[in-house]
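First, one chain by itself: the form predicted on its own, in structure tokens.
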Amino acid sequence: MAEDLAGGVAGAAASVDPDGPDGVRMTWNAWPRSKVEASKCVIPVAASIAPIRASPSLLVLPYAPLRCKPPCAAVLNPFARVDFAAKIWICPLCFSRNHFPPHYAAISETNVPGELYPQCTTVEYAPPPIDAAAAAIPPPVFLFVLDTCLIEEELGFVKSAMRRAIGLLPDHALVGLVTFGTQVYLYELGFSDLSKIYVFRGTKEISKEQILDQLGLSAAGLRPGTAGASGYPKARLQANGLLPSGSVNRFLLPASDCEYALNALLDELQTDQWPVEAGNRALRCTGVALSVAAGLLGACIPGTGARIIALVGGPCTEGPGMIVSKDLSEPVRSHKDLDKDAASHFHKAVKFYDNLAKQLVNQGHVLDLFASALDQVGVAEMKVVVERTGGLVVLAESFGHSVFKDSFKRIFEDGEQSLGLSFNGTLEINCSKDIKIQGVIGPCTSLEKKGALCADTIIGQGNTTSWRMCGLDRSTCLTAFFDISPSERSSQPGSTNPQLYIQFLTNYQNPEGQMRLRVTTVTRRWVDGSANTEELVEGFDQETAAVVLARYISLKMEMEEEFDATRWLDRSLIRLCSRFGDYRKDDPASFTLHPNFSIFPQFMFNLRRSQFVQVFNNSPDETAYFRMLLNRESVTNSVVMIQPSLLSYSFNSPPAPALLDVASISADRILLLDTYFSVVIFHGMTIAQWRNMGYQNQPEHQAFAQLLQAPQDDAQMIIRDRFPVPRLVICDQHGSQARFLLAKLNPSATYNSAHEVAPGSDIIFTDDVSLQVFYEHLQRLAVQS
């Protein structure tokens, strides 16, 4: 068993891009034909998709796509059957016949357009703009919302991060500034003679209309430009990309024009001057500040890609979105309070942010949240806005911590390090007629476009075939869940098509501001009858299955009270093993699993112990943060969150993957643990002693210096390519921070078995079962008749 697992880890590291050219991974690559067969498969039929993943081989076509006749409207793709003589193509999804338009007259077997190349199952269309107004590329917009209820030192860190960001912004990007403490201050950057500020009370909810009235942007003054306020960029922009009225450039100015003014404002910015009585928290009106920011963007630039970047340093204690009272004797809500329904402000705050999410999605704008504080700031309540708008989220302990500083800088970088931030995305899913869509988990919002393809059961954002993603980037991932419901006609023998087809259409505004349409069409095989278990097994993807289950139970834990995730996972795993394992009834020793399933029990063992299921010891903010990242990252990254990777460095062998087990600890080894959120370099006892004696600085001990440096270099490589930037922990065996490693290891040696431990290794003080015991129980239960 252990050999299998180590081999699995090493094999996974060596393989090439697991997402393939399409960026689509499915739990099952051969699909059962009926609902009953699908339910026997235990793991839901789902796909993890990366809508705009960067791909070196991507073909970009400079014309508009050719679509099938409505209601299908699928785009022409390599799976379409083409009759070159009659100039007709047959849609693989709905089998309709479509005539090619006149400008395709020259096609033949030897001369086909790019979208029909067999290897181009993913293409991107870049149609030319219709007129000059559409050709005007809107500038990116950044509205900074800064918390000033901070101590001097923290505010200093915020200012230096802001100065660095302003220096990195493209010159034409529009920038605005809002600060908040007990009240909200909106700066009119366009008024250069002296600093002009609009102040809003932080105690009560302000409607969008009231905000606009106070700013002099109310409907009467703004009629000419708001033709498309409900969402897409219909608002006619002038040649300079701005609305006709001078309203926008009062509050949002090109970075090149306001760099000096902004730096001057930052120099003058003080911590919130409102007095804080002893025994009280500072009064902080985060909710009103975000309302003002959303209202301003909605009036000035509806439908244009814009980001509200909120830097929050503590909990909201007044006004809408409040999560705790100002009285320090009241602690911030914990998981226990939420379970007992004892968190008095929680539901009200979530409802407020839910409405804010609807407003931002309607305007097409994004909320990014950078929360840096030792206590909670309300990420759990704000999760709904960040996730619905496709925003970025970073949780750190201080604005001076590298997790915040380096992540914040990454948003504004371009070139190799750029995140590829894009705006105004919509995703449409179209599929063969026996497939229904249950919904999507991930950073998006349902557009409530109901149709024949919607399933009766809903998972996540459902009841639609189309989703809005106000913000998305190269690494954004969504999970789509499918339901198999064959119609009476298709289940008759003879009429069946052995292949099923699914098409993902993503319309978005790329980082350069151009509108693009990415089209990915995938095909998979139907498997008939319950006899063909081999075909199902051959098509099982255990990494994707583990990640999909983690996302699914995270959702269930949030939506359903009293949901027992551990028990649900155990039952599912036992059912899966008794359905697909090879064994003789009631003989645990005979139990074996196909290589496609062999690491799956280990994934489940680690998922049961992970922060997604065991919320004890994490605050609701941390849990919300971990789940938001789990829901938006690629399968490869999400697997690392569930089951961290461990590398071992020693004198007598090159760096190699090690078992995630306490037995991997040794006095003369260095271990590098990657849990996605943190990277841990762990020095064995002997190595730590030699390092403390300074052997690495002596010329005759070059090899030791290199051994110490190797994990540092590998850690930096991991950190450089990841967003949010992980926390780096450097620790020694038996040191206090060694807990970061010990918490993740399989407890094969505990205080009960201390007499069997190899010298120099370690034990874990726990009563948790080890992987070995877990696997023995699984074997026994799976073979029961």
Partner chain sequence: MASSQPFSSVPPRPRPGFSLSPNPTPSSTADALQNLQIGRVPPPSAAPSAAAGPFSSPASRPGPPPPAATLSRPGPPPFASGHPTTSGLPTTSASITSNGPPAFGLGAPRFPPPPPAVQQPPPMGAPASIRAPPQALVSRPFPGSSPSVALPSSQPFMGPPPSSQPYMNPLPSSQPFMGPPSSRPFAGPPSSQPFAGPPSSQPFGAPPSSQPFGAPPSSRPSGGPPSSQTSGGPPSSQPFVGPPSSQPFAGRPSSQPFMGTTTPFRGTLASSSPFGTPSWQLQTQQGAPPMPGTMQAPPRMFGMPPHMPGQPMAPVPPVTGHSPLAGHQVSTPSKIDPNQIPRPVPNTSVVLFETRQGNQANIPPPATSDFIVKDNGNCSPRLMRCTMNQIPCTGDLLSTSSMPLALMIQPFALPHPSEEPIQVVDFGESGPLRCSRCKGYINPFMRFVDQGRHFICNLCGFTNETPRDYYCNLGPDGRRHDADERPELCGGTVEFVATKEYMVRDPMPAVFFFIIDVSMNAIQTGATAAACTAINQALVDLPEGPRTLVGIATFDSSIHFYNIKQASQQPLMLIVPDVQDVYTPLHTDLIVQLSECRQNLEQLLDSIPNMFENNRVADSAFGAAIKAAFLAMKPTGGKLLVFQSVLPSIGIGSLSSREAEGRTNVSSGDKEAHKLLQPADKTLKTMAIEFAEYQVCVDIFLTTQTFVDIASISVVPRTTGGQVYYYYPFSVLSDPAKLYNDLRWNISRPQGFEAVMRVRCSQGLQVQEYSGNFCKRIPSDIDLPAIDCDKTIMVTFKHDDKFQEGSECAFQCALLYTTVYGQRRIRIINLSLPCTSMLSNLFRSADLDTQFTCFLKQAANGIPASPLFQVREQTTNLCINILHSYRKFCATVSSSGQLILPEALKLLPLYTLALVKSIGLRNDGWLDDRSYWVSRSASLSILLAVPLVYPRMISIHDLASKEDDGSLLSATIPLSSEHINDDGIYLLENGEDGLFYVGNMVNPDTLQQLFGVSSVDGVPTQLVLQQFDNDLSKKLIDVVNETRRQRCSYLRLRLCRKGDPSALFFLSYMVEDKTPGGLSYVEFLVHVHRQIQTKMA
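This is a predicted model, so every value here is computed, not measured. Positions refer to the first chain, counted from 1.
FYI, the form predicted in complex with the partner chain isn't displayed, but the following is about it.
Contact annotation: residue 275 falls within 4.5 Å of the partner chain in the model of the complex, judged by heavy atom distances. The partner chain in the model of the complex is not approached by residue 597, whose heavy atoms all lie more than 4.5 angstroms from it.
A residue is said to contact a partner when one of its heavy atoms sits within 4.5 Å of a partner heavy atom; residue 268 meets this definition for the partner chain in the model of the complex. The closest heavy atom approach of residue 214 to the partner chain in the model of the complex falls within 4.5 Å. Between 118 to 126, 141 to 149, 395 to 403, 183 to 191, the stretch whose residues reach within 4.5 angstroms of the partner chain in the model of the complex through a non-hydrogen atom is 183 to 191. This chain is drawn without the partner chain; in the model of the complex, the residue among 704, 84, 95, 198 with a heavy atom within 4.5 Å of it is 198. Note on contacts: among 103, 584, 340, 204, the single residue with a heavy atom within 4.5 Å of the partner chain in the model of the complex is 204.
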